[in-house]
Each structure stands twice: as C-alpha cells, then as structure tokens.
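Read the single chain below, which is given as structure tokens and is the form predicted alone.
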C-alpha cells in the first residue's frame, strides 16, 4: 500500500500554491502590515473564486465535500505564503461545528452562505481551551454575556460567531444588537485575532454539545499545525537560498560546515512532521478513537519544531534576518502566534496525557 497523496490531492495543493505565488509577495505583506486594509478583502475574493471556503462543506450546500486532509494541504500553503485573510476559522472550524449533526437547521441556513463567500464566520473557542480570569461567557435565559478573546477570523465583519458556553456550542448572529468586535494587537500582522464583547445577545444552540466543541477544536489544532508546517518550510527554503548566495571569505556561507548542519538539522526535524500531520488530519474524518490524541500530538510537536526552525533559519541570515528588508519576521511571528492559539504545547500535551490515562 502506498501511503502518499492522491493525484487529486496533489493537484489541489499545486493549484493553491500557484494561485498564492501569483498574488502574494513580501511587498504585499509589508503593505498589509502598514495598514492597507483592502489587501485582506482582495485576497479573500481570490480565495472565494477558487471555492476554498466550501472545501469541507457538502455538495448539497454548495461546497466541495472534501476532508480535513485536503484542508490541511491548503492550510500548509496558506502558512507558506503567510496569507492575510480568514481561513481556518471561517472555512474549517465553523463548517465542522455546523455539520457535526447532519441535517440541522443552522447548517442548512449558514453553510451555503459560507461556501459561496457571501459571509464570513468567526470562531471564538479560546475560553473552551483555557479560560482567563477576566474573560468568559455566561448564559442567562438564552442570551449570552461576557468577553471572548483571541477569536479567529473576526477581522472582516463576520456575520456569525461560533463559541461555547457550559458545554454547549452556540451561534450568534452579529446583526443582533449587543455584539462588539475589536481587533487585538499581536506580534503577527498577517492573521489578526479579535476580542468579542457580548451584552445579553440572543443565541442559537448548535447540536452536538461537548463532542462538537472538541471536534471543532481538534480540526482547528490540526489546521494550525499545517499552517506552522508551511511557514517553517518557507523559512528553511529561504535560509538555504540565502546561504547559497551570501559570501564570506570569498565562499558562499552554505559551504561552511556549521551552516550546512544548521540547514540539514532543520530539514531533518521538520520532514517527519509531515506524515504526523497527514495522519492526524486523516484521523479527524476516519479514525474517531484517535482523533483527539493525534490533534494534540500534531499541534504540540509542530509548535515546538516550528519555533526551532524559526529561530535557526533566522540565525542563518545573521543580522539581516531581523530586518524588514528580508521580511523573515512575518513567518517567525506567524509561527509564534499559531503556537499559542487553541492551546500552547504545554497545555496540549497535558490534554494528551489525560487522554492516555497518564493524568487524572
């Protein structure tokens, strides 16, 4: 048996990579970080034209009906190019939550709108992973109040917000009064996160309860791991490319043994992560009993390896690696934020230990 991508999956990955390479470069990322807000919407329009928001949504609702593995291939390319537009929350986590129980009214209402790109969905599940003392949500008479922070994909006026309260997955229509969304400044300018304040806002409960919450978090972690993989791959490629151009003592620095070892060790550490990620993504759709654990392993391990790759690849550039001229910091910071969203490696490993019975 061949454990590799199918021809269709390779075509999907290549087509997304080609699209991104033609539309995103370092100058675009630099202009975006300086406040050109139109770039987010422009890239989103291209993503919608390719049908990517509907990648997980079934054909009956206007999507492609593909799986988490295919979504992870796209996420890897989004990480490789540091794409500054909604993706993981809107196109993966929200459809996963809405489709957890087949045939519910909320899926019928909202999934076609997400697939077509008519609306975006924001996902706010940070409190379900690790609640801060000054945040959190409360339900009272089918209304939600409180604050949720580090919500994903809320930067482009989302129409719906999916969050969790008291082991229930809930949906909020932002056209209801009492919803305030504010962007939170972070180190990563390519993928903003937001704070959402709810003031006695009407909610609708998404069927599935605690299992639906965990499933949504699982796929989010796998997709963040894929994003880290893509960003790390890009940093290694750029470091190797630079090492074959930069000269010292009339020799390219890539001929020095120390630099060779740095690049080789990064590649050797990162490449095994690909098979781990593919298996974790496959498990989300096909191996329910392993899905929780593998999502933890993929997120924790890629977070650690990605951090090391970001550090070492920047060192290959020397002092130039820290300048805006080369722009390596966009991927360095993206990896840093991805490492923490939906649980840092320490938190995620603790969950993995509980799943395996090592902790009570």
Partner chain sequence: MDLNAGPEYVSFRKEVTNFLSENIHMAGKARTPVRPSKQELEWQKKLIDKGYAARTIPQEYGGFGADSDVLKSRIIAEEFSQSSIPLGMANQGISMLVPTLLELGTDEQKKSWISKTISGEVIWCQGYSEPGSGSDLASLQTKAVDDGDDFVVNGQKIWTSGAQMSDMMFCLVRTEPDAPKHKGISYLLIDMKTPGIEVRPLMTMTGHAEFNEVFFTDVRVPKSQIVGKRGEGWYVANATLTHERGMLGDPNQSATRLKEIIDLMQEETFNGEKLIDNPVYLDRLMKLQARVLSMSFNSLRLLTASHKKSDAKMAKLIVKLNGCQLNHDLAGFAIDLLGELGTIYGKSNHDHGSGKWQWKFMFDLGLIIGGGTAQIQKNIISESGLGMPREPKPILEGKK
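All values derive from a computational prediction rather than experimental measurement. Numbering follows the first chain given and starts at 1.
Here the subject shifts to the form predicted in complex with the partner chain, a form of this protein not shown in this document.
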Though the partner chain is not shown, can you say which of 139, 171, 244, 179 has a heavy atom within 4.5 Å of it in the model of the complex?
244
Which one of 100, 110, 278, 81 is close to the partner chain in the model of the complex, taking close to mean a heavy atom within 4.5 Å?
278
Taking heavy atoms only, is residue 132 within 4.5 angstroms of the partner chain in the model of the complex?
yes
Interface membership of residue 166, the partner chain in the model of the complex, 4.5 Å heavy atom rule:
no
Give a yes/no on whether residue 349 approaches the partner chain to within 4.5 Å in the model of the complex, heavy atoms considered.
yes
Spell out, yes or no, whether the shortest heavy atom distance between residue 61 and the partner chain in the model of the complex is within 4.5 Å.
no
So if I measure heavy atom distances to the partner chain in the model of the complex, which of the stretches 91 to 99, 200 to 208, 156 to 164, 186 to 194 falls within 4.5 Å?
186 to 194
Check 26, 65 and 145: does every one of them have a heavy atom within 4.5 Å of the partner chain in the model of the complex?
no
Within 4.5 Å of the partner chain in the model of the complex, which residues of 297 to 332 have a heavy atom? Give them in sequence order, or say none.
297, 301, 304, 307, 311, 314, 315, 318, 319, 320, 321, 322, 323, 324, 325, 329, 332
